[in-house]
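Next up is one chain by itself, shown in structure tokens, the form predicted on its own.
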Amino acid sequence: MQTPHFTVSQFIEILNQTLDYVFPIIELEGEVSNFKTSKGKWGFFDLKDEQGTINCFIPLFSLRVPLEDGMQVVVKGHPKLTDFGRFSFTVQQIMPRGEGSIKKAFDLLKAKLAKEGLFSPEKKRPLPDHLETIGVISSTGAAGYADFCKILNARWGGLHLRVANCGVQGLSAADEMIKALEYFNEQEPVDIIVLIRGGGSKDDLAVFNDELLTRKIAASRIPVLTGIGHEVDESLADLAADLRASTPSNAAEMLTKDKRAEVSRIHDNLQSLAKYLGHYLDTAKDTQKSQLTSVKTLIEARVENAQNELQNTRKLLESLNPENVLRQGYSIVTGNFSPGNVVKITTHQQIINAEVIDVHNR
């Protein structure tokens, strides 16, 4: 067998082609050391563990979290052999790993963005007065999304949801959520955007401290409500949003009225009115008959108006009842709408499990 013969540049090219084929994109975890920048454009650092070290390179525009020596991180990128025969890892994304590193990156970036006024209270917008269409950014297969929909329908119903299904943890999740924000701002107008994700570890929720995602939330033309993790969890996405809910369920509560509470309120108002009218009638007994007749007519008119209000409200609540919609022949489909997955179809009389064969845009 003949021994392969290459020039140095040929050998470097072949090795890089091999690396591109075997490891086009990989993730590495380790500790940052010797971090430095060059010309305000490039970043260089070593990624090490107990037994090894890899030289890493990253364009600074791709660095979306603060980086310091000693931080534990996960990096995403591809390996490469330089023209000088030095092995290097070109980094595309970085995310802190571990509570200490996550808090350090959070504090540094929070201070930087706060100094720019990104979290200023003056920029916050209230909930729109009349909500009809809600843009939801979440993983539709997650428990947090299911809780959000359940509470939303139980409290009032009748709202239209436009859902952008995307990842809510991991290195690629930030870019997916950014694209969803751009979609709702530019292509699918909604009254409010809701970004939700249920509870998880500090590592799982670290994606919501991504600088570009945080800036995109702050720059949204449409008000943004976040419901991320639990009440004790705080992210830069929460600070940049117009409104923050403690959980996905709490986000649904903030967006809707409780129909049972509304009926109770109207009932209490009617009782108060009845007491007032009774007292008014008692004090009017000594007035002239003509005056009493006028008062009685006015009272009857007010009672009739109050009864009409109650009847109209009941009709409105009945029209928003999901069961009435199902009786009209519609159905509710829930689940992950990717081909091959099983979704649940709820009709008025049946619950059907069906496999998704194909999904395409209308």
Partner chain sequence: MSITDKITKLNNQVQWFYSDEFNLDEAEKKYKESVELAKEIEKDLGELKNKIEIINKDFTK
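Quick caveat, the model's predicted, so the values are computed rather than measured. Residue numbers count along the first chain shown, from 1.
Below, we turn to the form predicted together with the partner chain, even though it does not appear here.
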item: Contact test in the model of the complex: residue 157 vs the partner chain, heavy atoms, 4.5 Å; value: yes
item: Distance check, residue 221 to the partner chain in the model of the complex, heavy atom within 4.5 Å; value: no
item: In the model of the complex, residue 274 touching the partner chain (heavy atom, 4.5 Å); value: yes
item: Contact test in the model of the complex: residue 78 vs the partner chain, heavy atoms, 4.5 Å; value: no
item: Triple contact flag 152, 163 and 270 to the partner chain in the model of the complex, non-hydrogen atom at 4.5 angstroms; value: yes
item: Contact residue in the model of the complex, chosen from 130, 115, 279, 123 - any heavy atom within 4.5 Å of the partner chain; value: 130
item: Candidate from 212, 108, 254, 266 lying within 4.5 Å of the partner chain in the model of the complex - any heavy atom; value: 266
item: Interface segment, criterion being heavy atoms within 4.5 Å of the partner chain in the model of the complex, picked from 80-88, 191-199, 243-251, 178-186; value: 178-186
